[in-house]
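Only one chain is given next, in structure tokens, and it is the form predicted on its own.
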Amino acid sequence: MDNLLPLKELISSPKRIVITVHQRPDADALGTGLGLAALLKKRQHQVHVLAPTAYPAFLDWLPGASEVVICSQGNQERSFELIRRADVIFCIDFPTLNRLHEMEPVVRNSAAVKVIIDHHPTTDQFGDLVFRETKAAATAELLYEIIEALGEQALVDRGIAECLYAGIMTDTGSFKHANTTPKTHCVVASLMRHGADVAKVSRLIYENNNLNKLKFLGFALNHRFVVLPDYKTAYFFIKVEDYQTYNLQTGDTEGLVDQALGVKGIVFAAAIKEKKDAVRLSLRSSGEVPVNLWAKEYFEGGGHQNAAGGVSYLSLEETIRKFEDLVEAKRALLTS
């Protein structure tokens, strides 16, 4: 594994370390970041995990989650100061620095050694030590491989194992997506040997819904769901007022796009979410439908072949029309 010896040397003595995750962090980003933080603390490093924006409430059980510094929640100056003082900055689970939102320029201009651990394809070359493996099912899987390669697996306790398992489980859709490999299952087996309670983690993530979220799901299925059978496409759209009506919190709309993709015959799905500053899109597909390329082409985004995201600064109605134009343009591939 390239850069392993420089990394080993870098963390061989106590340092001030900042671990950054992308805005709206998911279980892979947060779990990997927290797992790494716990491991580095055992080596006497001074470690802070920084997130540009809040993480979903269903992840608040992750060990160390309560200590995450969320920049957008009145912690801008503290976040910036921690970054400026850092000797090492780990960038976890994002391919471009703009995923750090307002923290981007501070990280970019920092003199700290930047270590990238990620599994997303990118053409953006940043970082001093880069560990990027697009074949890894999750960044958490890649981190465990690095831990093993460093010979530090003895430091992995139950809490670290469950952080990493949460990332792998969610990024593979509970091991049903095509990114699940024999290596994925081998890593999970190792995490279970380290004490990960996989039934508990699954329950806390998938069976920990608030009532408003479930009520909104019923409403969305009835009033915010569009199926385009001739294009093998389905999508949800969410209006700003829906968030207010159902008091939706960060993460409450996660899973909608998977509901759309789960309809028989559908190969392309989206959740189109109107926010105050922009319209956010989550895209999913099956087979050879390359939603990462379409996200880049149409919506300034990117991601994996079957799971990607993007943004639109048009109105919700205009964004929906643009999405349907995309579907029309790609009809031959969608219906082949």
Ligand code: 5GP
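The structure presented is a predicted model; accordingly, all values stated were derived computationally and were not measured. Counting begins at 1, following the sequence as shown.
Beyond what is shown, the protein has a form predicted in complex with ligand 5GP; the following relates to that form.
Options 49-57, 31-39, 63-71, 304-312; stretch whose heavy atom lies within 4.5 Å of ligand 5GP in the predicted complex: So the stretch in question is 304-312.
Given ligand 5GP in the predicted complex, answer whether the residues 99, 120 and 282 all have a heavy atom inside 4.5 Å of it. Contact check passed for all of 99, 120 and 282.
Taking heavy atoms and a 4.5 Å cut-off, does residue 15 contact ligand 5GP in the predicted complex? No - in the predicted complex, heavy atoms of residue 15 and ligand 5GP never come within 4.5 Å of each other.
Contacts with ligand 5GP in the predicted complex - residues in 4-37 whose heavy atoms fall within 4.5 Å: Just 24.
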